[in-house]
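As structure tokens, one chain now follows by itself in the form predicted alone.
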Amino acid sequence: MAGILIVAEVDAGVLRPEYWELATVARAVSASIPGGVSVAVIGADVAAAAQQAAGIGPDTLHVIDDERLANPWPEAHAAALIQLCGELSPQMVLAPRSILGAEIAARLAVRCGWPLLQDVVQIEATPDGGLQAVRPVSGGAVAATVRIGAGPWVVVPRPRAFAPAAASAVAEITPTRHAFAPPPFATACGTPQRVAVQGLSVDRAKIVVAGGGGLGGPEPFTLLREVAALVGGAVGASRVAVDSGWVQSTMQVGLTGKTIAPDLYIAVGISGAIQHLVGCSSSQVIVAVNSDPAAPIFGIANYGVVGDCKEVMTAFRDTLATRAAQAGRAV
């Protein structure tokens, strides 16, 4: 029986960054769960990703490399993971909370009848052989402590809730390769359409400048992009801005968007609905700019500016540009 099995999701041959956060969770509970730490790399042309995944020093490395797993097809990836779990009998399966990761975790839990812990921000083993975890509920307004008995369990940590593990210098691990033998598929997967992201991705940037409905339209996002470029950050958005068609959905921060934890989050014209706060409340520093002094965003902000968003951000951009020019001349 395997102990902990980490699902290393591969996107177009690249290991997704959530993997390193899953490694942190595995290390935190591995002393209480016998059987060691194993890694499952599932996809197509995953040799490079598997080699990178070995950097955490797992006890075993398992690979299912098949062309039918080239695209994020939930049924196929779930079938591969279910097959692997049948062979390894893990006590805990750790999956990323990506779109694909959440899909296959839920399918695995239902098919195997295992408890599923979603959106976990804290986790520990209990003396009776169970688990205790903390997860946000009610849109993030409160945190719930969940206790479950003996495993196996399927655990999906909340993105950025755990610090990413650093790769260690370990001896090369020879992966165990498994042939993919799925049952007949009930669905088909078409060719995915990839959307190019403008600038940095919000879920990995250290500084995020996000705009909301208070901006009044798509034009002010040009100003936010200028500010983000001056500070080396990314541009995000609230659901209102995305649903209005002002910006692309890849920029959305919140319950139905991306969960982020940058060093600095600047919320411009965002009221601060609980669904949005779920996605940004883990930021180290939050600065809110809003014309409404009663906006809920000020309740969690470290710093707040009450004023016209365009005027405030224009002045901020000009100040940043002036200081950048002065620094250039000084050099």
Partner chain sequence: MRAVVCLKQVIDPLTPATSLALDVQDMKIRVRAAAPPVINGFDEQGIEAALRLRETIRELEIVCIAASERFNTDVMKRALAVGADQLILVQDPSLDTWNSYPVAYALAAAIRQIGGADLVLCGRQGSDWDNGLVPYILADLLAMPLLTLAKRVNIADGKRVEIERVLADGSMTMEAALPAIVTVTSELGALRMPSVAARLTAARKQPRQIALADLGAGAPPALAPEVIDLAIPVTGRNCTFIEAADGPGAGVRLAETLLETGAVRLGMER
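All of these numbers come straight from a predicted model, not from anything done at the bench. Positions refer to the first chain, counted from 1.
Keep in mind that the form predicted in complex with the partner chain is missing from the display, and what follows is about it.
A heavy atom within 4.5 Å of the partner chain in the predicted bound form is found for exactly one of L230, A165, C85, L223: L230. With the partner omitted here, the residue from S32, S291, Q51, Q284 that has a non-hydrogen atom within 4.5 angstroms of the partner chain in the predicted bound form is Q284. Among residues of the shown chain, R177 is not one whose heavy atoms approach the partner chain to within 4.5 Å in the predicted bound form. The closest non-hydrogen atom of W246 lies beyond 4.5 Å of the partner chain in the predicted bound form. Shown alone here, Q132 lies within 4.5 Å of the partner chain in the predicted bound form, counting heavy atoms only. Among heavy atoms of V14, none comes within 4.5 Å of the partner chain in the predicted bound form. Only one segment in the set 38-46, 51-59, 23-31, 65-73 has residues whose heavy atoms sit within 4.5 Å of the partner chain in the predicted bound form; it is 65-73.
In sequence order, Q284, V285, I286, V287, V289, F298, G299, I300, A301, N302, Y303, G304, V305, V306 are the residues of 284-307 having a heavy atom within 4.5 Å of the partner chain in the predicted bound form; the partner itself is omitted from this view.
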